[in-house]
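Single chain ahead, written as structure tokens, the form predicted alone.
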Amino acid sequence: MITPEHEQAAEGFNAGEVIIGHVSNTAHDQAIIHLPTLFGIDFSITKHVLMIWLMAAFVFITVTWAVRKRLKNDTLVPTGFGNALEAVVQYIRDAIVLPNVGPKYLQVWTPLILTFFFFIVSCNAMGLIPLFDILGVLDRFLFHTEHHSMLNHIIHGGTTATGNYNVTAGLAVVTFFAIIIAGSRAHGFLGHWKNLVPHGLAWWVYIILIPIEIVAMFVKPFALTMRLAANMTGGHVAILVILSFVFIFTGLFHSALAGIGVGALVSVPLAVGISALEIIVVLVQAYVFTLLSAVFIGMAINVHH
């Protein structure tokens, strides 16, 4: 029987604070480099900002290296990593971009869609690697840095940049303006806005349709923002909640054996299963974001009502 004393003991471990602390990215509390606030915006460098820079550099260097290697060898048939990269590029171009934007604008919008896919899938995948947790272990047992050192600021909190709504909102804003540019390029600036609603309807229908279409313009990037960030955050939260059972049951029963038992029988198997599912989510969410971006851009180019 669990007594009030056991419940008080369990409260020593606050699962909510641990989980929020892991996935949050508060600039004031977790800034790696503190910068001044301008126009009410804190420009301090947080871990998610660092991860964005690292992943952007990783994508640029990796893709550039693969392409330069192929050009250096002067071969039309890539091998190894270059072959895999070309297969992904060709699939996205032919299966996602071409059916939506059409052959006329294929070369115009394929680079943007490819950039979306490789950046998002890289950020998603890096979130599955406990890079900063490993640094924390090394710091505890090997480096022994001070509590206020830069390394200690880095090792606290989550590392999935695409789990940050500011990051996904930034990507969605790029899609938002790409839609306007694509429509304006295909039909002219005024023609793009005229194409928001079908032509030849009764005047009073436009009173209803125009506000709906204007709202739909902002709903599209909002949906892109929420879907990607929520899915990437949700998986990490689920894993952390399941792993928290170890500490909760240890506190409830004042026994490390109880926590170990729950961990071995429940937490670890479930966490492994969810982690395996997250590998699929990493690819699916990158695919969905790029697919929807291509669909929205294609809708502005190929107007159908």
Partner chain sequence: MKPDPNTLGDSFRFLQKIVREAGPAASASYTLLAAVLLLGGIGYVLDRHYETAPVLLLIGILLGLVVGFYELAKTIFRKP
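A quick note: this is a predicted structure, and the numbers were derived from the prediction, not measured. Positions refer to the first chain, counted from 1.
One more form of this protein exists, namely the form predicted in complex with the partner chain; it is left out here, but the text below deals with it.
Between 176-184, 107-115, 133-141, 88-96, the stretch whose residues reach within 4.5 angstroms of the partner chain in the predicted bound form through a non-hydrogen atom is 88-96.
Between the partner chain and the residues 129, 71, 223, 77, the one pair within 4.5 Å by heavy atoms in the predicted bound form involves 223.
Residue-level contacts in the predicted bound form: of 84, 216, 207, 190, one residue has a heavy atom within 4.5 Å of the partner chain, and it is 216. Not one of 53, 57 and 61 places a heavy atom within 4.5 Å of the partner chain in the predicted bound form.
Though the partner is left out of this view, residue 169 does not reach within 4.5 Å of the partner chain in the predicted bound form, counting heavy atoms only. Among heavy atoms of residue 196, some come within 4.5 Å of the partner chain in the predicted bound form. In the predicted bound form, the partner chain sits within 4.5 Å of a heavy atom of residue 288. Taking non-hydrogen atoms only, residue 295 approaches the partner chain to within 4.5 angstroms in the predicted bound form.
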